[in-house]
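One chain follows as C-alpha cells, the form predicted on its own.
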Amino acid sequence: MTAFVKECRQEWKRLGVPDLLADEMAADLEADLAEAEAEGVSTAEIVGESDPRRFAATWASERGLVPEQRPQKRRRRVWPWVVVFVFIVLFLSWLALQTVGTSHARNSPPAQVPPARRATVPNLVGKRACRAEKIALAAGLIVRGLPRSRCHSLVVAQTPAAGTRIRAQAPRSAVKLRLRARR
C-alpha cells in the first residue's frame, strides 16, 4: 500500500467510514494507481489533488458514505452589540436617576438659605502680601489686587478698613490691598 493510500485510509477511518468499505475503497484506489503507473500516467493526474485527506473526504462524500461538509457559517461578532446594549442601559439608568432627582427636588420645599456669616476685616497693613492674603482667607474674605510677585511686597493700605464687619464669602466681601515693593 502506497503512502498516499495509507493516508486516505486514515482519513476514511477518521470520517467514520466502516472498515469494510474503507478497505474496499483503499483496494480500488491502489488498483487504479497501479494501473495508471503501468500506463505511464502520474499519480497526480489520476488523483487530481496532492492532499490525500481532501481527496479521501471528497471521494467518500461522492459515494455517500459521509455527509457533505457544509460550509461553516460565518460567526457573527456579538461583543459590539453587547457593548452598545450595556451603554444604553447605563445611559437610561443615569437618565432615570437624573429625572428622579429633579422631580424630588421640585416636590420638596425650598431649602432654607443659611444666614450670611459676618466677618470682621483684620488689619493687614504693614504685613507682607502673602501673609496678609492667608489671614484674609482664614477670616473668610476674598483678596483682590495681588500681583504674582506679591510675597516681597508690603501692604500699605486696605479697603475696607480693619474692624469693618462684612458678609464672608459673598461677591462683595473682597478686601482690596494696595502694595509697595519691599526694598
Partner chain sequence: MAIESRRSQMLRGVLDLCLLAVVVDEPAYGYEMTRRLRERGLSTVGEGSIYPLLGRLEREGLVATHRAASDGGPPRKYYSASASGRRALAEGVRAWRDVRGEVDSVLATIEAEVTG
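Residue numbers count along the first chain shown, from 1. Keep in mind it's a predicted model, so treat the numbers as computed, not measured.
Here the subject shifts to the form predicted together with its partner chain, a form of this protein not shown in this document.
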property: Non-hydrogen atom within 4.5 angstroms of its partner chain in the model of the complex for each of T120, V156 and T164; result: no
property: Residue contact check: G48 to its partner chain in the model of the complex, 4.5 Å heavy atom; result: yes
property: Heavy atom of R144 within 4.5 Å of its partner chain in the model of the complex; result: no
property: Exercise: V41 in contact with its partner chain in the model of the complex, heavy atom 4.5 Å; result: yes
property: Partner proximity in the model of the complex: C151 to its partner chain, non-hydrogen atom cutoff 4.5 Å; result: no
property: Its partner chain: the contacting residue among C130, V125, A36, A139 in the model of the complex [heavy atom, 4.5 Å]; result: A36
property: Residues from 9-36 in contact with its partner chain (non-hydrogen atom within 4.5 Å) in the model of the complex; result: E24, D28, L29, A31, D32, E35, A36
